[in-house]
Every structure is written in structure tokens, then in C-alpha cells.
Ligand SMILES: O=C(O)C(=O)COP(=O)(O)O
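A lone chain, given as C-alpha cells: the form predicted alone.
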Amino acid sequence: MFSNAMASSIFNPCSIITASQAQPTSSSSRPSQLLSFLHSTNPAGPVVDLKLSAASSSWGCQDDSKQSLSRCLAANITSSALKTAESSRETSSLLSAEGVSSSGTRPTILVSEKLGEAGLQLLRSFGDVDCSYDLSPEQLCEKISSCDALIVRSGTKVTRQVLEAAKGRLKVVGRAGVGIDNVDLQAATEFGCLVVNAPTANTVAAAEHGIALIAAMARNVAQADASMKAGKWQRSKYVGVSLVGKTLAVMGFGKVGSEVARRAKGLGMHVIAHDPYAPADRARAIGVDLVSFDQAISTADFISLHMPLTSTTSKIFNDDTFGKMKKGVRIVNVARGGVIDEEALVRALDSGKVAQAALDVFTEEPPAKDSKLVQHENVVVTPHLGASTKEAQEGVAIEIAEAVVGALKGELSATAVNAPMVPQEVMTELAPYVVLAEKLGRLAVQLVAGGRGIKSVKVVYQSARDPDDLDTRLLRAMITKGIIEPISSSFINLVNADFTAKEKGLRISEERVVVDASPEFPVHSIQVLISNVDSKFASAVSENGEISIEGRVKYGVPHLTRVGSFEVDVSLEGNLILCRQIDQPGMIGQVGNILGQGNINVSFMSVGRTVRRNKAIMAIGVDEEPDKEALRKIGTVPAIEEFVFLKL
């Protein structure tokens, strides 16, 4: 993630390997059949055999899947699956291949904001299109009950109230653009409504606008223009800086960031980049050096922001971050306004630490008229024009129209940003394991350090089930979600997990280990292995040199059961502190006392060791995130050799 805790980790993934069952699913295995159908619309596609090996293990405890359904809901899977069998919405499921409305007529598609004519023509060829712009929330709620699809841009708010007013008829919401902040994803999922977006069509337009702002800022174009229109001639005041030979740091090396880098290279700039998922070979092909977060911001003359707005990137450019930059740095943002602490940026501009800024996006849009940032003489601003070219608007219109029509036909779009309805029986059985899978993915990626990058992730399932009786694709999707989602704008689910992993160059393989356990429960344990990487917590590295963590479900609750070679037993709720220590009396009390002084509540604690009075790992579940002082004190305990704080 783009926090200081992980900013130094440069990921260098390669191609994806996904695994499905090696043999056709047995006709008696209804959950597996249903899950396979929901996941893939191309059964003739490539199949990679799972590796099967035999092992012996005692079950050790009993699972109770039903107890954990509420936990599954909290994990952003869906609660609509638990209501599907009782709901009339089942007859108008997303998987209905006919692509007609529940009344059997051509589907009605409501377009609530202006859309390019090419997209409208595509929609009209499939359904009845109602272009009603500038609807009030009340008018939208009144109209939506007669619509099968809704297409919006950023102005229309698709709230829970709108989805409730649809009364189950609305099958798909299409966002003509990338961001889906104006759509209530959780409510859409609960009501069985697929949400799709158009993430690629405006790439070039956004990159061109970023370059335009860099050049305009460097040469004071906006200020000089305003000065001349005020009747002044101030050549000496608006002396600019050259771009040739300057270092540009591209923060976020995705589609837009890489296009900005290409264009900046053409201007004679030296380009460096930071992105946890940027493949090194792609960066090298453009002539860009991948560096750590701190190195990027501390060496750049210009910084161009292209990262998503997530919980980990929110206000990541703050007083501390600006303090690490070169004096006189220039900043451009055509990504998301929330990644910058705007008050901190004003302070940096006033002090001269930041010489200039060029902003197309803001935390609140439109910003206040008296905004100090907008009014600052060293700031160039535009009203979110990144995607505002005729070509981009047409491209977005076509892309979203294709996604919406595909969804109405029953196709599961690769640009889906929420999960489709999942059959009740499958969700009931897999619910607690879904939560476990996502949390293991989140833990594993946080343990990676250094610049070599993740080349592959291996997932090992222990199960007593027959290979044909368990489809692991939902679990793999949630492990992918845990690894990617905290540091990405992608929303990972059953529909788009493999697509997103492939797009980001993440290679995932799976292996099944048959154990002597009760076949009543689908999975005995899940192990996540990351090879050829450095670890922030050396004890998480197994004898084979891989970062290794393992977990299982106990009484409906996901537990971490192994870290590296150490056995632990801690509930995966809240957050987690792992400490490697010398095994001696009083350690639990010392660490517990430090956390108590910091008003940090301990929910669980477990100690695993290899040899008595030798080395041990203490796993501590905490409800709150310890402050820096509490973590510093833990690190000063003489018997503690290393520790790491992990967010769940």
C-alpha cells in the first residue's frame, strides 16, 4: 500500500496461473456446479490441473458455518444470496441469458446523464432507452421501478433509496467512468444489482491533461494569461522552469501513469515511478526506473499523482510527506483529490517547500469558492477535465454501453465492481472460509518487504472432499481480493478476480492436499505462500524460504494457526501484532502492560514456540491500532527480537 509501512515494497509480478478442477464436476455436486456456472461463461476455456497429494491430519475442532454468515456479510460478499430463494428477483437474475426484462419485453435503460451518441445507438439496438437528465432524487426513485438498467456519470447518486425503489427490477447500474463513489455498492449487491464501470476509455485523455498541466505549471501559463487579460505585461514575474533534464516521479504506474511517463520521456524528462504492482519489465520497456515511495518523493523535481483513493492512500500527501520532498518541488494531480491533505498542501506552498501545484481534482467537488488552495497564486486548477475530450467521451460511452448490454444478456462483465447473486447453499457452506481467505491474503501482502517484488502466490487447501466436490474459485477470488484491494482501486469479487489479477500481472497457483478429516466441512485449512521475496517479519519465512501463513475456521470464526514454522492460534478479528521473542517468563505481561497503558484492548493472545525456553512467536489480537509510541515501547523490550503490526 502507499503507506510508509509498505511504500518501500516494489512488486514485480508476472503472468497469472489460475486453477479449476481437472475433471468435470459430478452431477451430485450441486454447489460446485453452481459456483462454476457463476464464475465462467466460457466452459471451453483453458483448464489447469490442481496438484493433488495425500496427507494425514486430524480435524482437531468442529466448524459451524452457519454461525459465521454475518461475518461473510461484513466481508463485502453479499447478503442477497441468503434471500435469493425467497425473492421474486430470482426470475430476473443477472444470469438470465435472454437479456429481456422481467415482463418479457425489451429492457428499459435509463440514462440519467449525457452520454455519447455512439453509446446511445448501441443501447437502442438492444433496448428502449430513456434519456432523462437532471432528475431530482425523488424523480429518480419514481422512475427507476420501470427500468432494467441505469447509466450514470458522477452527478447522479445511486443510493440505497434508489435501489429500494427499483423493487427488484433493476439488474445493472453502469458508471460511465472509473470512480463509483456515487453508487452504494453494498446496497446494489444486496438487491442483486450488478455494477459495472468504464475504466479504460479515458486513459489517453487523462494522461494528456496531466502533461498539459505539467507544462502549464512550469511556464506559468494560467497566471500569465490572467495577468495579460487584466491589462498587465509582466515578463520578468512569470519566468518559468524547463522540463528537460528534470526528474518526474509518477506515483501510480497503471494505465494513466504509464502513458504520462511515455509522454514525459518525449519531453526530455528523467522518469521514475512507484507502484506496488508495476511489473519491472513493463517499466524498463518505457525507460522508467521503479523506486521506493520515499526515494520517489525525495528525489523528484515534479511529482505526478495517479494512485487510487483508498483507505491507505487517503491524505498520504501530508505534512510529513511534503517534509521529505526537495524544496521547490512541483506537484500535479489528475487522479483523486483525497490523496492530498489540502490544508497541508497550502502550508507547503506558503513555506516554499512546494513551489507550484496543478490540480484537476479536489477532496470536495466543486471546491468552496473561497478555497485557499484554489485561490493560491502558485496553483493552477481545472474543473475535473481529465476525461473531457470528445474522443474520450465517445469511448467511455461505447465501453459502458457494451458492459450494460452484456450484463442484460446475462454475461458477467470483466468490469464488474460488485459480486453477482450467489446461490444460498454455496454461500451458507463457504461463508466462513471466504472471510478466512480474504484475511490471509491481507496478512500475506503486508508481510512482504524489499524491492524484488511478488512473482507468484501459491494457495494450498487441505480438504477431505473429493476433488470434484469443491470448487475453490470463490476462495481464490477472496485471497486475490485480500492481496490486491487494500492498495488498488479495483473491487475484487467472484466475477472479476482472475481478470484483475491477470491485468495486474499477479500469478496465482493452487494445490489441493487430501487430509483425513470430516468431509462434512469443505476446507480443513488454507495456506498462502509467497516465494522469492523478502519479509518484514523474518519469522514468517518457512524452511523453504517462502513467506508462509496458514489459517482455519473454528466454530465459524477464522483463525491464524501458523506463521512460518511457528504454530499459533489467534482469531482474525480486529488487528494483529506478531512478536518474535526469547521464550521466557513475563513476556505476555510486559507487552500487555504496554498496550494497556496505550488504552489498546487485547482481544486474543497466543504463543507458539519451537523449543522450550528458546524462540517463540506471540500473536496478539488488538481492537485498536496502537500509536507510534506504543509500538516503539514494544520494540524496546529486550527479549523481543522483531515485531510487526498488521491491519485486518
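Just count from 1 along the sequence shown to find any residue number. In this text the structure is predicted, and so the values were computed from the model without any measurement.
There is also a form predicted in complex with the ligand; it is not shown, and the following applies to it.
A.B. asks: Can you pick the one in S154, T159, S509, S146 that has a heavy atom within 4.5 Å of the ligand in the predicted complex?
C.D. replies: Selected residue: S154.
A.B. asks: Consider the chain as shown here, without its partner, and state which of P467, P367, G410, G179 has a heavy atom within 4.5 Å of the ligand in the predicted complex.
C.D. replies: Going through each option in turn, the one that passes is G179.
A.B. asks: Mark N202 yes when one of its heavy atoms lies within 4.5 Å of a heavy atom of the ligand in the predicted complex, and no otherwise.
C.D. replies: Yes, N202 lies within 4.5 Å of the ligand in the predicted complex.
A.B. asks: Determine whether any heavy atom of V379 comes within 4.5 Å of a heavy atom of the ligand in the predicted complex, and answer yes or no.
C.D. replies: Outside the cut-off, so no.
A.B. asks: Can you tell me if A387 lies within 4.5 angstroms of the ligand in the predicted complex, counting non-hydrogen atoms only?
C.D. replies: Result yes; A387 sits at the interface with the ligand in the predicted complex.
A.B. asks: Can any non-hydrogen atom of R175 be found within 4.5 angstroms of the ligand in the predicted complex?
C.D. replies: It does: once the ligand is placed as it appears in the predicted complex, R175 has a heavy atom within 4.5 Å of it.
A.B. asks: Within 4.5 angstroms, counting heavy atoms, which one of the listed stretches 343 to 351, 146 to 154, 188 to 196, 476 to 484 is next to the ligand in the predicted complex?
C.D. replies: Only one stretch passes the 4.5 Å heavy-atom test: 146 to 154.
A.B. asks: Select from 581 to 595 the residues with a non-hydrogen atom within 4.5 Å of the ligand in the predicted complex and write them out in sequence order.
C.D. replies: Heavy-atom contacts to the ligand in the predicted complex: nothing from 581 to 595.
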